[in-house]
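We begin with a single chain expressed as structure tokens, specifically the form predicted alone.
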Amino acid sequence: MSEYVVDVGQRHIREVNEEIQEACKRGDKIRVVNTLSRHNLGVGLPPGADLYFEGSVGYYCGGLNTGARVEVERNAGWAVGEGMSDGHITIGGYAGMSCGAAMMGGTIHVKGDAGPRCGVAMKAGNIVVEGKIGYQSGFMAHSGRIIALGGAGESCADALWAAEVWVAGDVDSYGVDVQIKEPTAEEVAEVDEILAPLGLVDSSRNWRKMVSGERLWYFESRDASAWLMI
């Protein structure tokens, strides 16, 4: 497979993404250079595409990914991988707010920390963060798993639906309607299957598995005082 280089610079992002899409159609392995932390790079990538972004990217990189393999050398701004349905995204450094928001499948692997509301409203898939996840990560996540190996910030797993948040390390505070469960050996094995291809399995971890307490599923206005955090 030949490598095709896309230079971003100050070019119009539509022009850059059109060039990326054409290279995907040819089956090229794509290296994107001179990114300048620009926004909306690599949106709507097709299955089988293979991209490497040198440096850092801005918000929404890899959004609506349908099966591409994407690697960002350094940091990513807000909403990396938002709405993705398949594929794999690796962030070499920090991921900003709302990493994996509303994602419907695939895997996002963040080698550093992730900002607030990681996995907000996610519908399926897995987010693995080697560092710490930020404030209110997992907020209203419907399904899938968020796995944080370096702890979690305040209001973790607030208002979960059917997703799970797994944390190894300290949790600053829990969100509303969170239930902490002891994971079974079978559940730990399932998480290890996700971590194994990333080289992150460690049998010594003490997991906190967070799920919904299910009280918010049957919310009534007369109970509002139990949920308001102001």
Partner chain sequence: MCGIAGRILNAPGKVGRDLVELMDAQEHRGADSTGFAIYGTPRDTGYVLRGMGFDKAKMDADVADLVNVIRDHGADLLGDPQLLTDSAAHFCFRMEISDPRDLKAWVADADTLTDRIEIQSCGRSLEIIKDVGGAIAVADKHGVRDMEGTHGLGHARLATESSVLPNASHPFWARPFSDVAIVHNGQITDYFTWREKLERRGYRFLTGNDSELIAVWVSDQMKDGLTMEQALKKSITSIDGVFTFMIANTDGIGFAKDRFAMKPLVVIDHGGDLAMATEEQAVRRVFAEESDVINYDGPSLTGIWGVGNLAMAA
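It should be emphasised that the depicted structure is a prediction, and the values quoted were computed from it without experimental measurement. Positions refer to the first chain, counted from 1.
Separately, the form predicted together with its partner chain exists; it is not shown, and the next lines address it.
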query	finding
Among 74-82, 122-130, 101-109, 144-152, the region lying within 4.5 Å of its partner chain in the model of the complex by heavy atom distance	74-82
Its partner chain contact at Tyr59 in the model of the complex, heavy atom, 4.5 Å	yes
Partner proximity in the model of the complex: His88 to its partner chain, non-hydrogen atom cutoff 4.5 Å	no
Distance check, Ser37 to its partner chain in the model of the complex, heavy atom within 4.5 Å	yes
Non-hydrogen atom contact Gly55 with its partner chain in the model of the complex at 4.5 angstroms	yes
Contact set, 95-118 vs its partner chain in the model of the complex - heavy atom within 4.5 angstroms	Gly96, Met97, Gly115, Pro116, Arg117
